[in-house]
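Let's start with one chain on its own, the form predicted on its own, as structure tokens.
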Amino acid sequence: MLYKESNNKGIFKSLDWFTIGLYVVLLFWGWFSVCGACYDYNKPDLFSFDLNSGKQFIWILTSLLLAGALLLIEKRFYYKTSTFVYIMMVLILLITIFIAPDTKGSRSWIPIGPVKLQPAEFAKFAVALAVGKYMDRYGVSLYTFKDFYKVVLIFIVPMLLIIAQKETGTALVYLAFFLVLYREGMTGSVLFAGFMFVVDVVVGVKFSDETTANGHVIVGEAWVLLLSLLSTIFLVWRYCKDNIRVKNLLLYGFGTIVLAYLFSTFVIPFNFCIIQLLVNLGVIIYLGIQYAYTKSYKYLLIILFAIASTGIFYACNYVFTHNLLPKHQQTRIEVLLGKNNDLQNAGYNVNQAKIAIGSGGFIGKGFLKGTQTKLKYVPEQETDFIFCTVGEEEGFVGSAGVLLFFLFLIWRLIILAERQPDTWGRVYGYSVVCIFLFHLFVNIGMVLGLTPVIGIPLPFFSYGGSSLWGFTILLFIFLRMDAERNFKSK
């Protein structure tokens, strides 16, 4: 839907200046954090181009100019060009795989003169525009499989291309669009399935080397198969409203597993995971028969979930034993799950980050006075681990302040998204919210050792022009959309 001005109120008076103020505060707060992370006593000039603080200051100035330019472009231009921009970004991501030089094992950075840009950071706004435009079409419903898979393809395609660039961390950010779809009516079963897959992977990997007292059963395998069965039964109860079949599944399925466990424990020890696997396969066949009778796609989706969740332990085991996942990533996962301490290698970054944050105490050591950061104990402390600089120099007060400002930003963006007059603006707004939320949760989580170290930046804080420009474009396109919310349609 397109808009024209219906009153004499200027576009800049309609802007949400509260959000812009938060942006500016976070922008310069981030710059001071970069200064603290890269400060060199031999080169005290923070504006020197020999230091990342000087380079970041230039990126900040150009970001402010970029923000102003984006606010001058009408909303209808973004709407009309969204498909073209998306196609061009997909092509650029594809080309990047072949032309980008190898940088720390990935091919995602394109040199342009004295700087290097990462197209994956700019693809986020293009995908958000395309998803919003598709959802704005008349008659689109996420309850229909045709519309659901089409909108998922919009962000899965660039995600796969970024994975091909060996930037798995950046690619995972695009999963945030599932949260956007949930707001727009996607069934909660998709999020539940995703959550259960994560739980299955964590449980399966963490306990893959542990066995029961009799040594016949792998604990991780037993738990994953049990969780798969129970979650499948829950989905049948929740979405098929079939209490009789739920009772049958619990009685014969879960009951059989309990008997097998008791027999293995107190009578003859054996690997009762074989019985669990047979029960799960029996449940899948049973649900297949119900689907044949009812032709309900809900049964079909639950069958697909049951197959995937049943096989996820064996898939993870195959990936780890055949080294399909790079060794350093395997080690990072094992360190996160407590299977491998490895404080001198894969766990070194997180351990040093915790020390830096803890050493800051309540009010911090003061600007440019952090010993852990000055002595470069924390690798990547200007980019992925920038939050440890905040913790050391500004302490609990500063760390809480950063989180509070991000909370204000996300809260405000949700308000702006909800007041949009069309689906396109609302979907784009929630895309911005979910991308920021994903970056914030994962980045700070990995610094604190709560999430895997996957290498994604903290918005407006981490050093880097591509991410700063990417977040600026993402945000200010939405602010321009919001400023036109009171304009009448043409």
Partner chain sequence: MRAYEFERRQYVIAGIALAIVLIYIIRLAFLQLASNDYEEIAKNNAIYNKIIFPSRGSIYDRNGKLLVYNEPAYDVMVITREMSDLDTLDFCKTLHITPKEFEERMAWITDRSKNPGYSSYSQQLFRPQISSADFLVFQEKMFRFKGFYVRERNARQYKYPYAAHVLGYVAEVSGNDIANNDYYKPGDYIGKQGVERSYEEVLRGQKGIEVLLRDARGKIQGKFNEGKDDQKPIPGKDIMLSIDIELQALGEKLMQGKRGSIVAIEPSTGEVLCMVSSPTYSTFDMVGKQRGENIMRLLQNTNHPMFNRAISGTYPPGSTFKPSQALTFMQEGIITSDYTSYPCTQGFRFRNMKVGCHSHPSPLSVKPALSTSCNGFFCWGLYYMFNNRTKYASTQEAMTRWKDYMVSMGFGYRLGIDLPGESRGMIPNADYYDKHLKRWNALSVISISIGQGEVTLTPLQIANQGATIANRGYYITPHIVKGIQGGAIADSLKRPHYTMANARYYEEVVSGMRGAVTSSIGTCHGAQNPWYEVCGKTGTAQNRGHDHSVFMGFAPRNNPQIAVAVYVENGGFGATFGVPIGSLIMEQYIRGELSPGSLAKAASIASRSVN
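Positions refer to the first chain, counted from 1. Keep in mind that what you see is a predicted model, and the values were worked out from it rather than measured.
The form predicted together with the partner chain is left out here; the points below concern that form.
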Option touching the partner chain, based on a heavy atom within 4.5 Å in the model of the complex, out of Val267, Ala400, Ile87, Val258: Ala400
If the cut-off is 4.5 angstroms on heavy atoms, which of these, Glu184, Glu380, Glu210, Glu74, is the one near the partner chain in the model of the complex? Glu184
Consider Gly132 of the chain shown here, and say whether it contacts the partner chain in the model of the complex, taking contact as heavy atoms within 4.5 Å. no
So, in the model of the complex, is Lys354 in contact with the partner chain at a 4.5 angstroms heavy atom limit? yes
Do Lys376 and the partner chain share at least one heavy atom pair within 4.5 Å in the model of the complex? yes
Heavy atom to heavy atom, is Thr371 within 4.5 Å of the partner chain in the model of the complex? yes
In the model of the complex, which of the stretches 312 to 320, 133 to 141, 285 to 293, 195 to 203 has residues with heavy atoms within 4.5 Å of the partner chain? 133 to 141
The partner chain in the model of the complex - contacting residues of 386 to 410, heavy atom within 4.5 Å: Phe387, Gly391, Gly395, Phe396, Ser399, Ala400, Leu403, Leu404, Leu407, Ile410
